[in-house]
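Just the one chain here, laid out as structure tokens, in the form predicted on its own.
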Amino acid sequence: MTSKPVKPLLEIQNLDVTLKNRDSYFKALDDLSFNVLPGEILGLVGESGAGKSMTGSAILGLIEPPLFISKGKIIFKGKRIEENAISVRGSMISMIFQDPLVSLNPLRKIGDQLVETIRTHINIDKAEAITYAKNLLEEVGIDRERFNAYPHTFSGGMRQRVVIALALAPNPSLIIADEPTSALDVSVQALILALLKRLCKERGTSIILITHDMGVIAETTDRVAVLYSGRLSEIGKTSEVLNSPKHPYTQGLIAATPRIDADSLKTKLYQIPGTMPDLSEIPDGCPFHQRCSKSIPKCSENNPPLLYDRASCWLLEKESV
């Protein structure tokens, strides 16, 4: 017997986010499509300006003028949410931001902030909420006796644990984690990512992990989507993409990732030539072709579709011949 395909928790279909600038329009996200499965950790990776955080904001309904969604659908649990995101924001979809200090009120005790979040989304009395909040603190590795402590008394890693507890409090189906460890010491990053991964696997919660770090992608995610100039360059199982990248941009990101071995210490770290284009300067054809050493004439003429459900690159046509 063949098993039924798993129905996606989240589907993004042909999404355009457009920036209106006087009489001109520029696409911050262009025909973006991907899905997230229940219990899956999907990584969104790319350089600054690739559209990663913009994608998270679109899902949460946080796009504001002069930006607007001009095309496409965002479907969560089988229903469109882009016009009514407030009904799922916080309760069914939570967010973990890069800097925990931005997410926490420095003038309020962490326990009070947890209780407020819990009671906003769950219909329980204050005593039950306090017990639940203390249990959450212990779940993320914080002593329940620190329930009445203020954020400034915690280290950066411990504050991020509090933010994870806040995100988990409503028991959401999806968490969007936007660079959740980049503001932390390297020694703490792995601990926080391992904690987030374990808790979400235990709860069956899906994660969209936004990062520019291919090392984080390798250690944490089940699948990875590579974005460039608001477009999907490549998507697939993390192991397949890292071991056999198809798009030259993905190959460049992997080559630019530092490695700790004898050979890497003798060679200069690779750097992708050029920079990400401004929204007003995205070239015709494949947006990466001006920085690509493997570019062919067709690349400057037409933007390739996602070929073989893997990469948006005309070179895949040559591979299949």
Partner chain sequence: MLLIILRRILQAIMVLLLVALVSFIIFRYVGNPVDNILGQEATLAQRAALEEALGLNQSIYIQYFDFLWKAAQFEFGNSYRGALPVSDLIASRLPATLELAITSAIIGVSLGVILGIYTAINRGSFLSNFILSTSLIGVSLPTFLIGVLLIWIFSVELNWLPSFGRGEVVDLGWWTTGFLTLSGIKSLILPSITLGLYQMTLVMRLTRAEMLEVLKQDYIRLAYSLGLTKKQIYFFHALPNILIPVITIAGLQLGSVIAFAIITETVFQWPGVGLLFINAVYYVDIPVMSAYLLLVGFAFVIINLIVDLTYLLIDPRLRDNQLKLEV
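Here the structure is a predicted model, which means the values were calculated and not measured. Positions refer to the first chain, counted from 1.
FYI, the form predicted together with its partner chain isn't displayed, but the following is about it.
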Check: its partner chain isn't shown here, but in the predicted bound form which of 74, 192, 137, 95 has a heavy atom within 4.5 Å of it?
Finding: 95
Checklist line | Of 236, 90, 111, 157, the one that lies within 4.5 Å of its partner chain in the predicted bound form (heavy atoms) | finding: 90
Notebook entry, point to check: Within 4.5 Å of its partner chain in the predicted bound form: all of 255, 270 and 273, by heavy atom?
Noted result: no
Check: So in the predicted bound form, does any heavy atom of residue 121 sit within 4.5 Å of its partner chain?
Finding: yes
Note to self: I'd like to know if residue 104 sits close to its partner chain in the predicted bound form, meaning any non-hydrogen atom pair within 4.5 angstroms.
What the structure shows: yes
Notebook entry, point to check: Is residue 50 close enough to its partner chain in the predicted bound form to count, meaning some heavy atom within 4.5 Å?
Noted result: no
Checklist line | Contact test in the predicted bound form: residue 296 vs its partner chain, heavy atoms, 4.5 Å | finding: no
Margin query: Heavy atoms within 4.5 Å of its partner chain in the predicted bound form: which stretch in 273-281, 33-41, 288-296, 54-62 meets that?
Written below: 54-62
Note to self: Do any residues of 127-152 have a non-hydrogen atom within 4.5 angstroms of its partner chain in the predicted bound form? If so, which ones, in sequence order?
What the structure shows: 150, 152
